[in-house]
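So this first bit is one chain, no partners, the form predicted on its own, shown in structure tokens.
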Amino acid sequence: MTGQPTVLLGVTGGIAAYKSAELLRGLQKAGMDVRVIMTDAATRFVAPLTFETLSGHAVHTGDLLRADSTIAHIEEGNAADLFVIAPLTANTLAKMANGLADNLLTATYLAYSGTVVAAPSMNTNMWNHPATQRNVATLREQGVFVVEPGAGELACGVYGSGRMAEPDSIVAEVKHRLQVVRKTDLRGMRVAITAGGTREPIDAVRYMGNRSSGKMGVALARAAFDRGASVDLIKANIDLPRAPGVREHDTPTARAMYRKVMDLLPDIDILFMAAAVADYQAIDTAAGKMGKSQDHLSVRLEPTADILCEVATERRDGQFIVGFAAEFGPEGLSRSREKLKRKNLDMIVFNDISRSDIGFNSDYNEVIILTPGGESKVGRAPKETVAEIILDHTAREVRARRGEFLPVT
């Protein structure tokens, strides 16, 4: 992708179609050339002439039976750098999820091989319906980036979730997607990432855990997939939207995570151990719920398996292993340096969890990336940005070892 990026904007038949004109202008202000395709239902809300005037290009409408340039427009769609569908109605969402192509927009979607961003818009009950949520999950599995609808007063007079995300939010997502599609430095590699915090059961009700949200690991998984990697996310107790195109494995305990990591290890090229894995687990887990009759309750603990140490023992030549060190206080940096050597890691990412503005449960992070050859500080930034920088370092290290040198970005 060089020069001015081309964005194909798909508009479907919902009341939020009027916002698509504002979205088009926002995309243009961000330096993009915008082409528009509309469903017949969309033309009942906004006239095609509006989009033709704003975009400076002819607007394609109609169904497959009467479209004069179906093949030509599908080819034009494939030439676009990114395809945005906003608003995306429940009806078109269902068609996309199930591979139906009964109009020009859905046929273009099926034929399009690039990045797709979709912004759903519909009634609250329709959005919350299990069928719609299944369809949204299917789109994410297909690699579509879904900009979740917001909450507010809808056209039907109901207050709730379902209104299309604001145009500025969609533009921001499109800009981010256009930046990352330029990077293909992990293409052909298989990447595994652990994320979240394990919970070690004490009885059938209680557990020992930590406050890790998994946001850093999910950001890494999403960014690695964007760069062309085949990605496995080994997650522990994460309540976040699925990362598009990423295989997810639920591993709620340290033992389960250990088993999955060791199971995948022979086939992966890069492992990121971003999860907060419990150091101890109960020796004897009660089958039921422990009562409160005792004044004091003692729980005997034993260490959990040290996954990184096991990985270091079992790793094959050519694998790249990245550890994460969530330390309390800046003095943790020296412990991270020691851990890098002791566990035979290729890279370690240190962050100070004593700060409330970064780390656990925050959308931001500030880290220091350590390798045997040096250290690099990443200032406070959204975790998505930090993930990109970590992957920049990783890709350069991995490619350099293979004799495939990448330019510094």
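Counting begins at 1, following the sequence as shown. Keep in mind that this is a model prediction, so the values were computed, not measured.
Here the subject shifts to the form predicted in complex with a small molecule, a form of this protein not shown in this document.
- With the small molecule left out of view, the stretch that reaches within 4.5 Å of it through heavy atoms in the predicted bound form is, among 270-278, 245-253, 185-193, 231-239, 270-278.
- Only one of T106, T124, T132, T304 comes within 4.5 Å of the small molecule in the predicted bound form through a heavy atom, and that residue is T304.
- Residue K339 is the only one of K260, K339, H176, R140 with a heavy atom lying within 4.5 Å of the small molecule in the predicted bound form.
- The small molecule in the predicted bound form comes within 4.5 Å of no heavy atom belonging to H57.
- By the criterion of a heavy atom within 4.5 Å, L308 is counted among the residues contacting the small molecule in the predicted bound form.
- For R380, no non-hydrogen atom is located within 4.5 Å of the small molecule in the predicted bound form, even though that partner is not displayed.
- Residue contact with the small molecule in the predicted bound form: R44 places no heavy atom within 4.5 Å of it.
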